[in-house]
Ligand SMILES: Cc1cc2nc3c(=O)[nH]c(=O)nc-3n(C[C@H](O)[C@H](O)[C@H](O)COP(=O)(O)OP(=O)(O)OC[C@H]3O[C@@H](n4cnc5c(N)ncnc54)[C@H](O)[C@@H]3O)c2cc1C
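Starting off, we have a lone chain in the form predicted alone, written out as structure tokens.
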């Protein structure tokens, strides 16, 4: 008899898990609280403009290829992928920027212009980062985080010291130019922690950046969600939208189904790809593994203030991805991790997908996405949102030497309150739990409940961590545990 599985949420991890479980012969139903699927990777359409609400960076293409190959498919069967050149640019002051192009050879030349001798150091740094990447992908990230022994292999033993140094220390030991340091420390921000709190081993993110490159799926990241949805439906997965979960049904210490919109849906197994903390609030207290005190002590990745802006003209002096590092990173980081508050002078990131993709905006117009990293759990008001938009758009005009305020057709914002309302996100965090040393691998919240039989979890609060590729991997890990548990 086929196992019946109810999955909570329809983000990358839930969709990935649904595919593996359906392939294994299970009857799978996904329950999504919102009107559209995708979790944090949804889409906004307005006045002919199209925005990815969540992830905008497509890194680690090999992880996507590996996912689809598990079903004898290729990403190219579902969406077209373009390697960006330049990958991104970084502003440090007015008309002062560095462009990161699409090959390591070009990037080393850009480094050498900034700091004599840095090209040789960069080649060695990326060679080591590539080695870490191969170890991570082959030996570590596809482990389910059950035991510390997963970290111990003949290869990882040789790298054990890298878990007790940091990215910040390693980068600054080799590079003295502050502009280059900022570029090399930037990729680990995707892991949700400061470079000073991120183990050296995670330099593999630098290989993802400089070695593998930055890509763009035509029509946006949401095409990847639609691709996995299409695959899931081909495999027989049923998806119910506008179906928030009221409660997880537990009988005699065993998950027996869920209640959604007041209706009971029984199942043999429940898998949640929703926020881990929120999922446990759907259980009676005796069945929760982690206390409020546990969650409050964890280091969460930042939240974000996002703006989706339609411009009435094409913008100059920016690329598809553009970073604005013209203010002090440490001061902003302290406002996120040390004394949570709104940063006085925030760093910010901007994406202009219409620079690459004509489907993102009407002809002659520009779609802009602006992001300010923020501490989770702080106050969020419309007044603050408006105040910070004025801050960054004024700086944007000055740094890129162009006037844009009068060319704004509309702007929509998304911040902590929206992350809580739309995703039940703990303290409104945007990226899950940070990958610090004490929150790596088996030290993260578990894929399998210790208190409720047949209850499982997936997503960026569990293993392997935050980001789109890790979420795909997390879905596979959870599905493997379920099929192994019930084989």
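No experiment lies behind these values; they were computed from the predicted model shown. Residue numbers count along the first chain shown, from 1.
There is another form of the same protein, the form predicted together with the ligand; it is not shown, and what comes next is about it.
Visitor: Of the options 56, 29, 43, 436, which one has a non-hydrogen atom that comes within 4.5 Å of the ligand in the model of the complex?
Guide: Only one listed residue qualifies here, and that residue is 56.
Visitor: Only one of 457, 49, 67, 423 gets a heavy atom within 4.5 Å of the ligand in the model of the complex. Which one?
Guide: That would be 423.
Visitor: Applying a 4.5 Å heavy atom distance criterion, does residue 275 contact the ligand in the model of the complex?
Guide: Answer yes; at least one heavy atom of residue 275 falls within 4.5 Å of the ligand in the model of the complex.
Visitor: At the 4.5 Å heavy atom threshold, is residue 244 in contact with the ligand in the model of the complex?
Guide: Heavy-atom contact with the ligand at 4.5 Å: present for residue 244.
Visitor: Although the ligand is absent from this view, report whether residue 468 comes within 4.5 Å of it in the model of the complex, heavy atoms only.
Guide: Although the ligand is absent here, residue 468 would touch it in the model of the complex, with heavy atoms inside 4.5 Å.
Visitor: Any chance residue 416 has a heavy atom within 4.5 Å of the ligand in the model of the complex?
Guide: Residue 416: no contact with the ligand in the model of the complex.
Visitor: I need the one stretch from 91-99, 267-275, 192-200, 336-344 whose residues put non-hydrogen atoms within 4.5 angstroms of the ligand in the model of the complex.
Guide: Single hit among the candidates: 267-275.
Visitor: Does the ligand, in the model of the complex, lie within 4.5 angstroms of each residue among 8, 34 and 38, using heavy atoms as the measure?
Guide: Spot residues vs the ligand: full contact, yes.
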